[in-house]
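In C-alpha coordinates, the next block holds one chain alone, the form predicted alone.
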(Lines give C-alpha, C1' and ligand atoms only; values in the text may rest on other atoms or scores of the structure.)
Protein backbone atom coordinates (compact mmCIF):
# COMPACT_ATOMS: atom_id res chain seq x y z
CA UNK A 1 0.00 0.00 0.00
CA UNK A 2 2.84 2.38 0.77
CA UNK A 3 4.13 1.91 -2.75
CA UNK A 4 0.76 1.98 -4.52
CA UNK A 5 -0.65 5.22 -3.12
CA UNK A 6 2.24 7.47 -4.17
CA UNK A 7 2.11 5.92 -7.63
CA UNK A 8 -1.63 6.62 -7.91
CA UNK A 9 -1.12 10.18 -6.65
CA UNK A 10 1.65 10.74 -9.19
CA UNK A 11 -0.59 9.42 -11.99
CA UNK A 12 -3.41 11.77 -10.97
CA UNK A 13 -1.04 14.75 -10.90
CA UNK A 14 0.28 13.78 -14.35
CA UNK A 15 -3.23 13.57 -15.76
CA UNK A 16 -4.12 16.95 -14.28
CA UNK A 17 -0.95 18.45 -15.77
CA UNK A 18 -1.82 16.99 -19.17
CA UNK A 19 -5.31 18.46 -18.98
CA UNK A 20 -3.92 21.91 -18.15
CA UNK A 21 -1.41 21.63 -20.96
CA UNK A 22 -4.18 20.53 -23.33
CA UNK A 23 -6.31 23.51 -22.30
CA UNK A 24 -3.44 25.93 -22.93
CA UNK A 25 -2.88 24.45 -26.38
CA UNK A 26 -6.61 24.23 -27.13
CA UNK A 27 -7.70 27.85 -26.75
CA UNK A 28 -5.39 29.34 -29.41
CA UNK A 29 -7.27 27.24 -31.97
CA UNK A 30 -10.74 27.93 -30.56
CA UNK A 31 -10.52 31.72 -30.27
CA UNK A 32 -9.98 32.43 -34.03
CA UNK A 33 -12.80 30.05 -34.97
CA UNK A 34 -15.08 31.65 -32.37
CA UNK A 35 -14.22 35.12 -33.67
CA UNK A 36 -15.09 34.10 -37.22
CA UNK A 37 -18.40 32.57 -36.12
CA UNK A 38 -19.24 35.69 -34.12
CA UNK A 39 -18.40 37.98 -37.06
CA UNK A 40 -20.29 35.96 -39.67
CA UNK A 41 -23.28 34.60 -37.74
CA UNK A 42 -23.75 36.12 -34.28
CA UNK A 43 -23.24 39.81 -35.04
CA UNK A 44 -25.53 39.88 -38.10
CA UNK A 45 -28.27 38.19 -36.09
CA UNK A 46 -27.83 40.61 -33.21
CA UNK A 47 -28.10 43.48 -35.67
CA UNK A 48 -31.20 41.91 -37.27
CA UNK A 49 -32.86 41.57 -33.87
CA UNK A 50 -31.93 45.17 -33.11
CA UNK A 51 -33.43 46.37 -36.39
CA UNK A 52 -36.60 44.32 -35.93
CA UNK A 53 -37.68 46.49 -32.99
CA UNK A 54 -36.95 49.72 -34.84
CA UNK A 55 -38.61 51.59 -37.67
CA UNK A 56 -36.10 52.68 -40.27
CA UNK A 57 -36.56 53.59 -43.88
CA UNK A 58 -33.62 54.63 -46.01
CA UNK A 59 -33.20 58.38 -45.65
CA UNK A 60 -35.10 58.64 -42.34
CA UNK A 61 -34.06 58.49 -38.71
CA UNK A 62 -33.95 55.29 -36.67
CA UNK A 63 -36.98 55.06 -34.35
CA UNK A 64 -37.57 52.47 -31.64
CA UNK A 65 -41.03 50.91 -32.00
CA UNK A 66 -40.74 47.81 -29.81
CA UNK A 67 -42.91 44.94 -31.03
CA UNK A 68 -44.94 47.08 -33.42
CA UNK A 69 -43.38 45.44 -36.48
CA UNK A 70 -44.36 41.99 -35.21
CA UNK A 71 -47.89 43.12 -34.35
CA UNK A 72 -48.24 44.58 -37.83
CA UNK A 73 -47.60 41.12 -39.34
CA UNK A 74 -50.78 39.81 -37.71
CA UNK A 75 -52.86 42.29 -39.74
CA UNK A 76 -50.71 42.31 -42.88
CA UNK A 77 -52.71 40.15 -45.28
CA UNK A 78 -49.92 40.18 -47.85
CA UNK A 79 -47.51 38.73 -45.29
CA UNK A 80 -50.00 36.11 -44.09
CA UNK A 81 -50.64 34.98 -47.66
CA UNK A 82 -46.87 34.79 -48.23
CA UNK A 83 -46.62 32.39 -45.29
CA UNK A 84 -49.32 30.15 -46.76
CA UNK A 85 -47.66 30.23 -50.18
CA UNK A 86 -44.32 29.35 -48.60
CA UNK A 87 -45.81 26.31 -46.86
CA UNK A 88 -47.69 25.27 -50.02
CA UNK A 89 -44.57 25.60 -52.18
CA UNK A 90 -42.44 23.79 -49.58
CA UNK A 91 -44.85 20.87 -49.33
CA UNK A 92 -44.94 20.34 -53.10
CA UNK A 93 -41.22 21.02 -53.64
CA UNK A 94 -40.41 18.43 -50.98
CA UNK A 95 -42.94 15.73 -51.82
CA UNK A 96 -42.22 15.32 -55.53
CA UNK A 97 -38.39 15.30 -55.37
CA UNK A 98 -38.45 12.80 -52.49
CA UNK A 99 -40.92 10.43 -54.18
CA UNK A 100 -39.25 10.64 -57.58
CA UNK A 101 -35.78 10.50 -56.01
CA UNK A 102 -36.61 7.27 -54.18
CA UNK A 103 -38.02 5.78 -57.38
CA UNK A 104 -34.91 6.82 -59.32
CA UNK A 105 -32.64 5.37 -56.64
CA UNK A 106 -34.41 2.02 -56.85
CA UNK A 107 -34.05 2.03 -60.65
CA UNK A 108 -30.38 3.00 -60.64
CA UNK A 109 -29.61 0.48 -57.90
CA UNK A 110 -30.33 -2.32 -60.36
CA UNK A 111 -27.60 -3.35 -62.75
CA UNK A 112 -28.19 -2.63 -66.44
CA UNK A 113 -26.00 -1.67 -69.40
CA UNK A 114 -24.95 1.98 -69.34
CA UNK A 115 -25.96 2.49 -65.71
CA UNK A 116 -22.93 4.70 -64.97
CA UNK A 117 -23.66 6.99 -67.94
CA UNK A 118 -27.35 7.15 -67.03
CA UNK A 119 -26.50 8.16 -63.46
CA UNK A 120 -24.15 10.88 -64.72
CA UNK A 121 -26.80 12.34 -67.03
CA UNK A 122 -29.45 12.15 -64.30
CA UNK A 123 -27.44 14.20 -61.77
CA UNK A 124 -26.42 16.92 -64.26
CA UNK A 125 -29.31 19.30 -63.35
CA UNK A 126 -28.04 19.41 -59.77
CA UNK A 127 -24.66 20.71 -60.95
CA UNK A 128 -26.05 23.85 -62.57
CA UNK A 129 -26.54 27.07 -60.60
CA UNK A 130 -30.19 27.86 -59.73
CA UNK A 131 -30.09 31.22 -61.50
CA UNK A 132 -28.85 29.67 -64.75
CA UNK A 133 -31.50 26.95 -64.48
CA UNK A 134 -34.20 29.54 -63.85
CA UNK A 135 -33.16 31.61 -66.88
CA UNK A 136 -33.31 28.57 -69.16
CA UNK A 137 -36.72 27.52 -67.86
CA UNK A 138 -38.00 31.10 -68.17
CA UNK A 139 -37.33 30.99 -71.90
CA UNK A 140 -38.96 27.57 -72.13
CA UNK A 141 -42.08 28.82 -70.30
CA UNK A 142 -42.74 31.70 -72.74
CA UNK A 143 -46.35 31.37 -74.00
CA UNK A 144 -45.54 32.18 -77.64
CA UNK A 145 -41.82 31.43 -78.06
CA UNK A 146 -41.26 28.73 -75.45
CA UNK A 147 -40.41 25.20 -76.51
CA UNK A 148 -42.76 23.62 -73.96
CA UNK A 149 -45.90 25.00 -75.59
CA UNK A 150 -44.53 23.97 -78.98
CA UNK A 151 -44.18 20.40 -77.71
CA UNK A 152 -47.70 20.48 -76.25
CA UNK A 153 -49.30 21.72 -79.46
CA UNK A 154 -47.29 19.26 -81.56
CA UNK A 155 -49.01 16.35 -79.79
CA UNK A 156 -52.45 17.96 -79.91
CA UNK A 157 -52.57 19.40 -76.38
CA UNK A 158 -53.56 23.01 -75.64
CA UNK A 159 -50.76 25.44 -74.72
CA UNK A 160 -50.26 26.45 -71.10
CA UNK A 161 -49.54 29.83 -69.57
CA UNK A 162 -47.08 28.24 -67.12
CA UNK A 163 -45.54 30.91 -64.86
CA UNK A 164 -47.64 33.68 -66.41
CA UNK A 165 -50.89 32.54 -64.75
CA UNK A 166 -51.66 32.85 -61.04
CA UNK A 167 -53.30 29.40 -61.01
CA UNK A 168 -50.27 27.56 -62.43
CA UNK A 169 -47.26 29.61 -61.32
CA UNK A 170 -46.48 27.72 -58.09
CA UNK A 171 -46.87 24.24 -59.67
CA UNK A 172 -44.61 25.49 -62.47
CA UNK A 173 -41.96 26.62 -59.99
CA UNK A 174 -42.28 23.28 -58.19
CA UNK A 175 -41.63 21.52 -61.50
CA UNK A 176 -38.33 23.38 -61.86
CA UNK A 177 -37.34 22.56 -58.27
CA UNK A 178 -38.26 18.92 -58.82
CA UNK A 179 -36.21 18.73 -62.02
CA UNK A 180 -33.13 20.20 -60.36
CA UNK A 181 -33.15 18.56 -56.91
CA UNK A 182 -34.55 15.07 -57.49
CA UNK A 183 -30.99 13.88 -58.27
CA UNK A 184 -29.86 14.96 -54.79
CA UNK A 185 -32.49 12.77 -53.15
CA UNK A 186 -31.57 9.95 -55.52
CA UNK A 187 -27.91 10.11 -54.47
CA UNK A 188 -28.76 10.05 -50.75
CA UNK A 189 -31.16 7.12 -51.05
CA UNK A 190 -28.89 5.31 -53.49
CA UNK A 191 -26.10 5.43 -50.92
CA UNK A 192 -28.46 3.86 -48.40
CA UNK A 193 -29.50 1.11 -50.79
CA UNK A 194 -25.88 0.30 -51.58
CA UNK A 195 -25.14 -0.25 -47.88
CA UNK A 196 -27.99 -2.70 -47.24
CA UNK A 197 -27.14 -6.34 -46.41
CA UNK A 198 -28.01 -8.96 -49.03
CA UNK A 199 -29.03 -11.76 -46.68
CA UNK A 200 -32.66 -10.60 -46.24
CA UNK A 201 -33.13 -10.40 -50.03
CA UNK A 202 -31.75 -13.90 -50.57
CA UNK A 203 -34.06 -15.27 -47.89
CA UNK A 204 -37.02 -13.42 -49.42
CA UNK A 205 -36.25 -14.84 -52.87
CA UNK A 206 -36.20 -18.34 -51.43
CA UNK A 207 -39.63 -17.68 -49.93
CA UNK A 208 -40.95 -16.54 -53.32
CA UNK A 209 -41.34 -12.83 -52.54
CA UNK A 210 -41.97 -10.48 -55.45
CA UNK A 211 -39.89 -7.39 -56.23
CA UNK A 212 -42.57 -5.12 -54.77
CA UNK A 213 -42.80 -7.19 -51.58
CA UNK A 214 -39.02 -7.06 -51.11
CA UNK A 215 -39.03 -3.30 -51.61
CA UNK A 216 -41.99 -2.70 -49.29
CA UNK A 217 -40.95 -5.04 -46.48
CA UNK A 218 -37.13 -4.95 -46.71
CA UNK A 219 -35.70 -2.03 -48.69
CA UNK A 220 -38.08 0.70 -47.53
CA UNK A 221 -37.78 0.07 -43.75
CA UNK A 222 -34.00 -0.29 -43.93
CA UNK A 223 -33.44 2.77 -46.11
CA UNK A 224 -36.03 4.91 -44.29
CA UNK A 225 -33.42 6.83 -42.21
CA UNK A 226 -31.75 7.93 -45.46
CA UNK A 227 -35.12 9.03 -46.86
CA UNK A 228 -35.70 11.10 -43.72
CA UNK A 229 -32.30 12.78 -44.21
CA UNK A 230 -33.27 13.65 -47.78
CA UNK A 231 -36.64 14.90 -46.50
CA UNK A 232 -34.95 17.19 -43.97
CA UNK A 233 -32.53 18.61 -46.53
CA UNK A 234 -35.23 19.21 -49.14
CA UNK A 235 -37.68 20.77 -46.69
CA UNK A 236 -35.17 23.28 -45.36
CA UNK A 237 -33.92 24.06 -48.86
CA UNK A 238 -37.46 24.55 -50.20
CA UNK A 239 -38.34 26.86 -47.32
CA UNK A 240 -35.36 29.05 -48.20
CA UNK A 241 -35.95 29.00 -51.97
CA UNK A 242 -35.46 32.44 -53.46
CA UNK A 243 -33.37 32.61 -56.63
CA UNK A 244 -35.55 30.32 -58.77
CA UNK A 245 -38.75 32.11 -57.76
CA UNK A 246 -37.22 35.56 -58.12
CA UNK A 247 -35.80 34.95 -61.60
CA UNK A 248 -38.79 33.12 -63.08
CA UNK A 249 -41.76 35.00 -61.62
CA UNK A 250 -40.43 37.71 -59.25
CA UNK A 251 -43.34 36.86 -56.97
CA UNK A 252 -45.91 37.34 -59.72
CA UNK A 253 -48.15 37.45 -61.54
CA UNK A 254 -49.35 39.96 -59.00
CA UNK A 255 -48.48 38.30 -55.71
CA UNK A 256 -49.42 34.75 -56.73
CA UNK A 257 -45.92 33.33 -56.07
CA UNK A 258 -44.78 35.80 -53.42
CA UNK A 259 -43.25 33.66 -50.68
CA UNK A 260 -41.83 34.98 -47.41
CA UNK A 261 -38.36 35.26 -48.93
CA UNK A 262 -39.64 37.34 -51.84
CA UNK A 263 -41.80 39.50 -49.59
CA UNK A 264 -39.02 40.35 -47.15
CA UNK A 265 -36.71 41.09 -50.09
CA UNK A 266 -39.25 43.53 -51.51
CA UNK A 267 -39.76 45.16 -48.12
CA UNK A 268 -36.01 45.65 -47.70
CA UNK A 269 -34.79 46.54 -51.19
CA UNK A 270 -37.86 47.79 -53.04
CA UNK A 271 -39.77 49.61 -50.29
CA UNK A 272 -36.63 50.27 -48.15
CA UNK A 273 -38.52 49.31 -45.00
CA UNK A 274 -35.55 47.75 -43.22
CA UNK A 275 -37.16 47.47 -39.79
CA UNK A 276 -40.18 45.54 -41.00
CA UNK A 277 -38.02 43.36 -43.25
CA UNK A 278 -35.81 42.51 -40.27
CA UNK A 279 -38.87 41.50 -38.25
CA UNK A 280 -40.01 39.25 -41.11
CA UNK A 281 -36.51 37.73 -41.17
CA UNK A 282 -36.76 36.89 -37.46
CA UNK A 283 -40.15 35.23 -37.92
CA UNK A 284 -38.85 33.38 -40.98
CA UNK A 285 -35.89 32.09 -38.98
CA UNK A 286 -38.19 30.90 -36.19
CA UNK A 287 -40.36 29.10 -38.77
CA UNK A 288 -37.34 27.33 -40.28
CA UNK A 289 -36.08 26.46 -36.79
CA UNK A 290 -39.42 24.94 -35.77
CA UNK A 291 -39.70 22.88 -38.95
CA UNK A 292 -36.09 21.74 -38.57
CA UNK A 293 -36.65 20.63 -34.98
CA UNK A 294 -39.71 18.62 -35.98
CA UNK A 295 -37.85 16.96 -38.85
CA UNK A 296 -34.80 16.20 -36.72
CA UNK A 297 -37.01 14.63 -34.06
CA UNK A 298 -38.50 12.43 -36.77
CA UNK A 299 -34.95 11.62 -37.86
CA UNK A 300 -34.00 10.56 -34.33
CA UNK A 301 -37.07 8.34 -34.01
CA UNK A 302 -36.35 6.65 -37.34
CA UNK A 303 -32.65 6.06 -36.60
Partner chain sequence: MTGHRFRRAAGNLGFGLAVFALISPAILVFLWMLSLSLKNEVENMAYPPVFIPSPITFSNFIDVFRKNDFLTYGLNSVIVSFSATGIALLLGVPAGFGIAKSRATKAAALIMIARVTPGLSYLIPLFLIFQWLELTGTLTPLVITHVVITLPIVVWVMIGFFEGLPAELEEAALVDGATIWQAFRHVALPLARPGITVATILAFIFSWNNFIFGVVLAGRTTRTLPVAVYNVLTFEQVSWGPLAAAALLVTAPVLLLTLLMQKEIVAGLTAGGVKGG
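Numbering follows the first chain given and starts at 1. Since the model is a prediction, treat every value here as computed from it, not as a measurement.
Although it is not shown, the form predicted together with its partner chain is what the next lines describe.
Out of the listed residues 84, 203, 127, 157, 127 is the one that sits within 4.5 Å of its partner chain in the predicted complex by at least one heavy atom. In terms of contact with its partner chain in the predicted complex, the residue from 214, 222, 233, 92 that brings a heavy atom within 4.5 Å is 233. Of the heavy atoms in residue 40, some are within 4.5 Å of its partner chain in the predicted complex. At the 4.5 Å threshold, heavy atoms of residue 169 stay clear of its partner chain in the predicted complex, well away from it. Its partner chain is not shown here, and in the predicted complex it never comes within 4.5 Å of any heavy atom of residue 68.
Looking at residue 197, you'd find every heavy atom of it more than 4.5 angstroms from its partner chain in the predicted complex. Looking at 84-92, 70-78, 214-222, 187-195, the stretch with residues near its partner chain in the predicted complex, meaning non-hydrogen atoms within 4.5 angstroms, turns out to be 187-195. Contacts between stretch 254-269 and its partner chain, counted in the predicted complex as any heavy atom lying within 4.5 Å, involve 261, 264, 265, 268, 269, listed in sequence order.
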